[in-house]
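Below, in structure tokens: the form predicted alone, a single chain.
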């Protein structure tokens, strides 16, 4: 099967399980890896009692419980009190692991990479967390509303210099990025559009850590943006940009790459049904995400194992499969070292992802992260050791460990020679340490790097 030959009508039609493509543990694990950060065995078995479309609908509808929100507010207060972005990153890692709404959190991470803003420049953890809360609130909501709100977000105003945009000297940074990186993509606007759009944002500033419109610094002259004359305010300009026909295609392309496959790049024809749906839904994101996750293409061999695990997916996903918990401060630091520092994306482009996650240095770092989590003093699996966790799950041999990992953690088959080598490892280590050694060895395989 080749992506170039895929019929769009088939690709985005609802997936119906068959003998060739069964709804089993492996398929459910694939869904939970992509639509969240993985799932434990009980969650996977519960999912198999429902149809794939029902599971996807539940993921889209899921919300944080009041108890979880209360717990997170307490952790947030403690993190913000330190003024330390590393502590803020640690609480977000905790949230990703324990959230009862994994798709909501996965989309929050998606938007953090899309509307990339870094604490390195903003240098205010409260503003960064305010933006994070904003992204979560709109994560599966309306893109037009999100685009307006993020444009007025204080952290974004500081990061892209919109807070100093004056009518005498319009700053084009944000205008360029909202067209190129946030809404339309290269080639779908002109330099004149950027200049006109920048004028719309003049007078936008921050007062007491909140957005404020300074009408004395606003250029009230007539502007024409993307061929639309008479645009006055920044809010009107954003509506013009998000109403442009290129916007839905640009967004669904990024969603397909995020959820389905890193490469090859999907063509416009394949994306057309999704772009049409997003446009017909007035840019409401949730229904389009639901269609992607419940589609034939998503569950096909073209999507299985066709994404490289990001550091967050690797670390959080590993823990979630085993009901794990660890030192989240160390975990957040490790994610940063592997290239995905939460609240500190490398540039306004966010993370490139895909093959860029993998090089000789990061491969070693990824193996070391698994080793630290397996052997960390604060790491627990279901509040016990990994050996006890496996024993409680009826997993007693190297073959059973391999089967467990294959169905829950691996997206592609574990090579049989690897299992043979680890069977010898288990024989040499008769005590419970063989479990940690074996799992770590499995997680250093090239096959583990893809999700």
Partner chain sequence: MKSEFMPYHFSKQHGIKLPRRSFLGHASLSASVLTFGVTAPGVLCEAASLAKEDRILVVVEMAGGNDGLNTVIPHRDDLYRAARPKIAIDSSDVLAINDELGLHPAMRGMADLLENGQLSIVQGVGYENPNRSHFESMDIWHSCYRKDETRQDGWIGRYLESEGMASLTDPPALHLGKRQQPFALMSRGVRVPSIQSLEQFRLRVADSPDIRNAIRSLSNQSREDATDLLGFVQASSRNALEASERMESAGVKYKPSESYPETALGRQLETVAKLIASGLHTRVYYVRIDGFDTHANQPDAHAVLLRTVGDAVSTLVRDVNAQGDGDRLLVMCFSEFGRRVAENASDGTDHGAAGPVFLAGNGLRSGAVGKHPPLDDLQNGDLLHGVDFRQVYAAVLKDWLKCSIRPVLGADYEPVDVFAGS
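Predicted model, so just to flag it, every value in this text is computed and none were measured. Numbering follows the first chain given and starts at 1.
This protein has a second form, the form predicted in complex with its partner chain, left out of what is shown; the following refers to that one.
Q: Choose one stretch from 124-132, 205-213, 351-359, 148-156: the one whose residues place a heavy atom within 4.5 angstroms of its partner chain in the predicted complex.
A: Of the stretches listed, the one contacting the partner is 351-359.
Q | Selected contact from 83, 267, 346, 229, since only one has a non-hydrogen atom within 4.5 angstroms of its partner chain in the predicted complex | A | Contact check passes for 346.
**Q.** Listed residue that, although its partner chain is not shown, lies within 4.5 Å of it in the predicted complex (heavy atoms), from 276, 120, 78, 282
**A.** Going through each option in turn, the one that passes is 120.
(Q) At 4.5 Å by heavy atoms, is each residue in 138, 183 and 245 next to its partner chain in the predicted complex? (A) No: none of 138, 183 and 245 comes within 4.5 Å of its partner chain in the predicted complex.
(Q) With the partner left out here, check for me: in the predicted complex, does some heavy atom of residue 339 sit within 4.5 Å of its partner chain? (A) Yes, residue 339 sits close enough to its partner chain in the predicted complex that at least one of its heavy atoms falls within 4.5 Å.
Q. Should residue 177 be classed as touching its partner chain in the predicted complex when contacts are defined as heavy atoms within 4.5 Å?
A. Answer yes; at least one heavy atom of residue 177 falls within 4.5 Å of its partner chain in the predicted complex.
Q.
Test of understanding: in the predicted complex, would residue 394 fall inside 4.5 Å of its partner chain by heavy atoms?
A. So residue 394 does not count as contacting its partner chain.
Q.
Whether residue 437 contacts its partner chain in the predicted complex should be assessed with a 4.5 Å heavy atom distance threshold; does it?
A. Output for residue 437 is yes: heavy atoms within 4.5 Å of its partner chain.
Q.
If you apply a 4.5 angstroms heavy atom cut-off, which residues in 297-329 are near its partner chain in the predicted complex?
A. The stretch touches the partner through 301, 304, 305, 306, 307, 308.
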